[in-house]
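Let's start with one chain on its own, the form predicted on its own, as structure tokens.
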């Protein structure tokens, strides 16, 4: 879930990169330096969406700064939004579970070592967002159980990831949306459909390699899901992906109607999110189903 770079204005691109760098620096400042090596592009998008929806853009500050990755030339870096720190927390939690998931799948000693190395950061993230951490642990266990049982239902296999993303976007460890059930519900819907779409995209991307390695992939459990002679997913899979995109876009349109006063920095934030929802995600889907070429990630 990243923007389609050629369709971003230069100012919007700078704002996106500022959030990307802001999340990275927030990880180092709040949770430790090691997890910065596991920075996930999507957490910058999460920070942008929650900053725009929670009113945190009023406190946003974008300054030029240097870092270890860019020691010579200064880069724009966003700070001042609690959503950035929250996105940094989410990054640490997901990075740890991704390493552990890789260990369970492949018995990778390297993945297990990486998880042990950031375990202290994970504990800090748990203290920062205990409610979210509990949900992530529950849904990751559910996902592992489904994989062990060779789940053959696409909807059932997607459910833990979809619910986990719904909880991430709901931001229950803060009170920003407690008084706004409409916003909370729309963010939940947005995250749920995004999570389901991400799971399917990953499954389609990995199906050929998973077949070679004899690893679990829900598309391998049912012959109707993927056509290996044509090297493409079935019409049902494509339809489900498109429905997820449509539902995500619908939730985003509802969110835009809910958020008031879109002047100033919010104009750039909303333009970036429009790009993410309508162009970036569609571009990835087109690549997955054999359509348009996907641009390099930002």
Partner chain sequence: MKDPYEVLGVSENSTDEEIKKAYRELVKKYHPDQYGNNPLSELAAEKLKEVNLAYDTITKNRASGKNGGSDTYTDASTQAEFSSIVSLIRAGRLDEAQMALEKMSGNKRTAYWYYLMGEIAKRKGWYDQARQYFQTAVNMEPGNQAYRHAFNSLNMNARAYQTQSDARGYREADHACSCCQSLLCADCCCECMGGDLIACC
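Keep in mind that what you see is a predicted model, and the values were worked out from it rather than measured. Residue numbers count along the first chain shown, from 1.
This protein has a second form, the form predicted in complex with its partner chain, left out of what is shown; the following refers to that one.
Only one listed stretch (154-162, 73-81, 95-103, 122-130) carries heavy atoms within 4.5 Å of its partner chain in the predicted bound form, and that stretch is 154-162. The partner is absent here, but in the predicted bound form a heavy atom of 244, alone among 244, 53, 251, 272, sits within 4.5 Å of its partner chain.
Under a 4.5 angstroms non-hydrogen atom cutoff, its partner chain in the predicted bound form has residue 192 among its neighbouring residues. For residue 13, no non-hydrogen atom is located within 4.5 Å of its partner chain in the predicted bound form, even though that partner is not displayed. Mapping the unseen interface onto this chain, residue 236 counts among the residues with a heavy atom inside 4.5 Å of its partner chain in the predicted bound form. When its partner chain is considered in the predicted bound form, residue 225 lines it closely, a heavy atom lying within 4.5 Å.
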